[in-house]
Ligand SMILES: Cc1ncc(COP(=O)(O)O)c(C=O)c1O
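Given as structure tokens, the chain that follows is alone and in the form predicted alone.
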Amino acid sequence: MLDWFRRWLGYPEGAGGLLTSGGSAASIDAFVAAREAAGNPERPSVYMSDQSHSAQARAAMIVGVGREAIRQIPTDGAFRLDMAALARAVAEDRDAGLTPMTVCANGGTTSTGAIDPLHAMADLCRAQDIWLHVDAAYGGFAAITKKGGELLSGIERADSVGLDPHKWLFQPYEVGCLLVKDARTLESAFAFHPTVLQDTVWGANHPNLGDRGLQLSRAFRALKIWMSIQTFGMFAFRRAVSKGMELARRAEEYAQESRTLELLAPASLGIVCMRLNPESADLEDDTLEEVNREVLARLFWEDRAFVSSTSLRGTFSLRLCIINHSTGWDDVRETLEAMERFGEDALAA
């Protein structure tokens, strides 16, 4: 199962990893490996964008990085990490006596689906001898499609990648994954050989997943993935992921053409963010937020769709994450129409 994932991402022979409970556990395992690879520095620092999932900062704290050394790097207009700001932060920390330990890239942020400049980040990390971890919990499995593979180009250069099959591989909870380019880096960090387990030498030619992460006892998480792929075939999964990206693109076009909706971030992967902001209304941001919160509540209670919200640089946004394999354009279009209708009602009240 892990070898399938390895090939989908373009990782080389010798890459490996383990299945975890989810992206949070995968991040912790990755940060432990990164800390070991850096020689357990006394004053480590880590870097991530201001759009990164909180699991990355939490993992850094768990492995001993102080809050004051967790750098949240600003992002550009498409919510991608700013490379110039990252380079400055690394240089400033080295000058201050810190050891840059890990750079976290996003392979699809939670809020907008943004993908950080993976090749540029890999170049910097190679030059600076810093571990590059890609949080691709949401977006990583887009790599099984041609377009997704192009968007995620550079992910194969990362030292580690976190994935969540229970997101865009349509698996039931719980199953996450950590892959590392060199499986030995996990074993260097986690392998112990107590005498009570000395008989495991008879299985030495097979991976011992207990030597690759924090969990010993574990469920057979691979079975459901293996069975679903054997049952439906990879074509069905590629088609479902591709359809999600295409529907997000069409929703983006709808919002751009609408006189009522305002696009707040470009569609990326299966996510598109927008708000109600009629062209002729000329409303203050506080009023717009109130209107959009009312629209969100009505969508939740009165419509068939589930739409979430996020905050993009302080602006309240409605967030469509098109991730269900059964969703079609009619579902998306009707949701967008409901957003417009509920917004008009709120403004008329």
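Since this is a predicted model, take the numbers as computed values, not measurements. The first residue of the shown sequence is 1; numbering continues from there.
One more form of this protein exists, namely the form predicted in complex with the ligand; it is left out here, but the text below deals with it.
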key: in the model of the complex, segment of 247-255, 69-77, 209-217, 135-143 with a heavy atom within 4.5 Å of the ligand   = 135-143
query = Does the ligand get within 4.5 angstroms of any non-hydrogen atom of N277 in the model of the complex?
reply = no
request  = Using the partner position in the model of the complex, report whether H166 sits within 4.5 Å of the ligand, counting heavy atoms only.
outcome  = yes
key: 4.5 Å heavy atom contact, R35 and the ligand in the model of the complex   = no
request  = Examine T110 and determine whether its closest non-hydrogen atom to the ligand in the model of the complex is within 4.5 angstroms.
outcome  = yes
ask   = Looking at A55, I323, L299, L288, which is the one with a non-hydrogen atom within 4.5 Å of the ligand in the model of the complex?
value = A55
task = Would you mind checking 1-34 for residues with a heavy atom within 4.5 Å of the ligand in the model of the complex?
result = G22, G23, S24
